[in-house]
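For reference, the chain that follows is the form predicted on its own, supplied as structure tokens.
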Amino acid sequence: MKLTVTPGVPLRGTCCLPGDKSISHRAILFSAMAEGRSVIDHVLVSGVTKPLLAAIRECGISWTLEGERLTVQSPGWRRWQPPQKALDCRNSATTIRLLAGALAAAGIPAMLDGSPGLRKRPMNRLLEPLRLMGVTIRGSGDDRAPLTLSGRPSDMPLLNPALTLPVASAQVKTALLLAGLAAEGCLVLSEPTLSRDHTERMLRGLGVKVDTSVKPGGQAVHRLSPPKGALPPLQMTVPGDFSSAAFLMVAALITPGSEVTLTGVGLNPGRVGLLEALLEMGASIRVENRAEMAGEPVGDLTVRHSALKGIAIQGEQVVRMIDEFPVFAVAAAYASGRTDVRDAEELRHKESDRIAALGAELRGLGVSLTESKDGFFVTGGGLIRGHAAGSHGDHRLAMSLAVAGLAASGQMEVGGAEMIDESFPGFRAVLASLGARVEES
């Protein structure tokens, strides 16, 4: 599929975003691990959550979907059934990593596989700590998918060694905390800086004791005490996805005459690094109607077209905006001066090598972008021209390029745009509802 973006039209209006991808993933999996009937409203059903829904059904969990309401009936994770075929995680690294932790807790044999792209994603940072916990799990070749878990006797708990992650990762942390539900005692897990804490919030909401402390140097230490009984079912509404909001925020900021309000957006402190970066760049963004939804902070964002300036991003802020760098690079291209990004080597291991892909596509638009091993710098303020661009099989890159076209000097064509449905179904329709001229073919 191709998106064609015609620039020159201001964006105006109010919209509600799809359910948060990260929270939807966790809510689906936790409802499968809980015992009883869970109801999740405003759940995101997309290319990255559909394989998780299919996988839990293979493990003996039943569910129904009516619009954005998911109802899950589960016997609890201690009574999951071994799947009779490989669980296809498609292109979703979140699905394969979180499922590996849940299956490790359940102690059942299973195989996790996915797309050719997923098979290239590194898994050793997950497999090594799981093996220290006593999980028998192996990967293919250099510890990549497919992953095979051998299972263990139902009365054999996992070990609880002190685990240290070399890189802060909410996905790996979540998988290990889920496995820790079946440990013989308190699991202690450290990461170099605090990653997004959706999992900890959700576990606490289910009555699981999870304590987190942050040391003076920034190291975060998590202590999970396994529950003695079953996890209770979930009743929750998923907030709007901040990562989806990011594209519309930048779209409004770079398109003259624009003013857009995004309602019910999740504002988890571990997710709003981009918001802080845009404010530092001089963005006009107002946060109103702050509230709490499912244990998560939410609010409405009103964003106006703004003159942006270049800034530097590094250190712990990288972790809090790791998914938003493609569209941040677009904001940097339209800003005056130089923007530097460092300490972001993780971007080379996403759906694409996002540093290389960003460099190739933005330079094709006339943007001055220079890559480094762990980041890039952009000299903004130049003319952004329309161009035939490609998604590189990356949903976030496809949306970012479409956003870049809204204020370009000519029409933008983005190939491979079907990938957008991985995380933001209806992206084109939402842009069109705000006035953008975006066509698909």
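Numbers for residues come from their place in the sequence shown, where the first is 1. All figures in this text were calculated on a predicted structure; none of them were measured in a lab.
There is also a form predicted in complex with a small molecule; it is not shown, and the following applies to it.
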{"item": "Partner-contacting position among L127, L275, I254, A168 - heavy atom within 4.5 Å of the small molecule in the predicted bound form", "value": "A168"}
{"item": "S258, R304 and S306 all contacting the small molecule in the predicted bound form, non-hydrogen atom within 4.5 Å", "value": "no"}
{"item": "K350 within 4.5 Å of the small molecule in the predicted bound form, heavy atoms", "value": "yes"}
{"item": "In the predicted bound form, K21 touching the small molecule (heavy atom, 4.5 Å)", "value": "yes"}
{"item": "R26 within 4.5 Å of the small molecule in the predicted bound form, heavy atoms", "value": "yes"}
{"item": "Contact flag, D323 vs the small molecule in the predicted bound form, heavy atom cut 4.5 Å", "value": "yes"}
{"item": "Which of 336 to 344, 315 to 323, 134 to 142, 286 to 294 lines the interface with the small molecule in the predicted bound form (heavy atom within 4.5 Å)", "value": "315 to 323"}
